[in-house]
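Form predicted on its own, single chain, as structure tokens, below.
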């Protein structure tokens, strides 16, 4: 007769196995500090919610604007960064008279320079009037400067950086920037979104213009010259080279209604400042009035031609 299969009967753990499990559990509890000194155990059968990253645009920088952090940052910028900037990228600062009538303690501004190098922020912050330098936050790329806890804390402390999305509009980061402008902080933001890859300026996005229109804060166009020679994009080497920082007249948002058109106007003003830095104020003003200011975008041509034309424009 065929053998009938016997049903599987679950094996009961032996007394020794039960004793071993209990001992292991007791040992783990003895090593692990009890709650609230350690994290609580998660209940079995309860789904865990998705953990939200505290890095990137979600990094909280409020601590970096506390009084102790501001004291540390002021010492860092004035006693360390300034001598370093003068040593590796000595700057000729022009147009300071255009900022002379502003009270930055009560009237913040949005600083909108071109972007060619990682040393841009160092050169610009150390070239600002003292009152403005100590009340300026820096809009920094969330995916680059806030991807680890150490980098996030370092940049937030030393430059008062806040994380922003550079490839898309992020409501949270935009609102944080707007709130800080309304609280009296000035903002340094690069309208190009990133460093130029070849030396020619990239099209300005509407970030600075949007924040200006949203908060009523004037925009100060700025042209930085020579920083790419100190440290170009993709290079890890730093070499000494003179630089120029030229401030433009503050641009009130009241004369503009559209962020894109305002961004284009800021870009045109930076181009005018570049012309002024290369030549003089009078000839740059005449060319701007005639609409013949040399473009900073470069020719629509292959890479070799753009490099060649950049070399010619620098002569």
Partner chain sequence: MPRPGFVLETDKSTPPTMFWNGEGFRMEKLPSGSRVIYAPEPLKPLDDADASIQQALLNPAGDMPPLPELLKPGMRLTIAFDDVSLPLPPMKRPDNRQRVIEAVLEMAARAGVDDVVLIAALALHRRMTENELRHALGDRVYDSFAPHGLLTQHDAEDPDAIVHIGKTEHGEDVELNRRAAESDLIVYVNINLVAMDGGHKSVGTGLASYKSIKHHHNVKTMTHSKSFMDQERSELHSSNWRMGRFLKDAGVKIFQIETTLNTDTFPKEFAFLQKREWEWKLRDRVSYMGVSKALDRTPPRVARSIFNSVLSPHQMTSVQAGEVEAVHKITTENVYRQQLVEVEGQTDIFTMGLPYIGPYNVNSILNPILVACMGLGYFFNLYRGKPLVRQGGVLIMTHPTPWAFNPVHHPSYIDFFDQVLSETTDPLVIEAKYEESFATDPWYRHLYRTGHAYHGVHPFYMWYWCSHALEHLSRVIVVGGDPRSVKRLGFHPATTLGDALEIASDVVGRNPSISHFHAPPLMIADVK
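The shown structure was predicted, so the numbers you read here are calculated from the model rather than taken from an experiment. Residue numbers count along the first chain shown, from 1.
If you look for the form predicted together with its partner chain, you will not find it shown, but the lines that follow are about it.
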Can residue 42 be called a contact residue for its partner chain in the model of the complex at 4.5 Å between heavy atoms? no
So in the model of the complex, is its partner chain close enough to residue 62 to count as touching (4.5 Å, heavy atoms)? no
Is residue 98 close to its partner chain in the model of the complex, meaning a heavy atom pair under 4.5 Å apart or at it? yes
Is residue 48 close enough to touch its partner chain in the model of the complex, meaning at least one heavy atom pair within 4.5 Å? no
Among 257-265, 53-61, 66-74, 284-292, which stretch has residues whose heavy atoms lie within 4.5 Å of its partner chain in the model of the complex? 284-292
Report yes if all three of 143, 147 and 151 come within 4.5 Å of its partner chain in the model of the complex by some heavy atom, otherwise no. no
